Ligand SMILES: Nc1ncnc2c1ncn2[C@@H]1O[C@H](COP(=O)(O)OP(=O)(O)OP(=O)(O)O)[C@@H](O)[C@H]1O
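Next up is one chain by itself, shown in structure tokens, the form predicted alone.
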Amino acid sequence: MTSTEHGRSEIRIRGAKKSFSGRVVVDVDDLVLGDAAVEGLLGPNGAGKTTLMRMIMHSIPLDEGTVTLHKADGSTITLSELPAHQMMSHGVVKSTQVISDFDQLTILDSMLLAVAGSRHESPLRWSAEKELAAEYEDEIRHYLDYFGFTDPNAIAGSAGEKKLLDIVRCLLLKPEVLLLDEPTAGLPEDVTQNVMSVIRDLGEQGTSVVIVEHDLDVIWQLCDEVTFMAEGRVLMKSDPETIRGDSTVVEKYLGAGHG
């Protein structure tokens, strides 16, 4: 079995359908995500973007179809047959769209929890915290400094801090495929640029990154490829310039003046 052509892991979605209360919200015939370093998933509200990402993670079951992971080493795993909690062990990680955090954990402890192996996850094994802190000290310190977390022993207070902390936890897991749901929403411009830089570096290092993002500047500047969805279906997939110049995309999503 050969590895994927470009040396990165891919997600393949075939015949995937999902309905709620009789309304079809996702109907994807055949889509590959991960054949570019950073790929945008674009479309109007209700297009099915977030639902599709949750279907990939199997936090929402498919009504029909399959989702498979084609790893860079040539192996294939049918994600749609696995429970959601096993996705991370296969290298597939997703950020959260709704901002949340562990209210009683410090920023540092929240990062350590992300990298804790199963033997450390029980509260009875937090004696291993020093071991984990030493193992990930340099990497955690880098992200703390890079994103401006001045006090790692504080609790993330603002929505922006919680969003960044969620992104950092994803990065610490070193995913093969990273799904990001509105990673820059609500962040100031300088922090948005830092997030974009980290995502770009991650893609260049071999991770397949898929982004749902309503900030079109992020999509145009960051993504190598864009998949455009509307009414649950994939209408087109191409480079950003082609997508933003397409009359259907302009009509259904961008509006006049954005071509």
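Computed from a predicted structure; not experimentally measured. Heads up: residue numbers just count along the shown sequence, starting at 1.
Quick note: we don't show the form predicted together with this ligand, though the next part is all about it.
Using a 4.5 Å heavy atom cutoff, none of Pro240, Gly245 and Lys252 lies near this ligand in the predicted bound form. None of Thr66, Ser59, Gln193, Thr51 but one reaches within 4.5 angstroms of this ligand in the predicted bound form through a heavy atom, and that residue is Thr51. Interface residue among Glu182, Glu161, Glu176, Asp109, judged by heavy atoms within 4.5 Å of this ligand in the predicted bound form: Glu182. Just one listed stretch, out of 66-74, 23-31, 218-226, 199-207, contacts this ligand in the predicted bound form at the 4.5 Å heavy atom level, and that stretch is 23-31.
For the chain shown alone, His214 is a contact residue for this ligand in the predicted bound form, at least one non-hydrogen atom being within 4.5 angstroms. In the predicted bound form, this ligand lies within 4.5 angstroms of at least one heavy atom of each of the following residues of 29-45: Pro44, Asn45, in sequence order.
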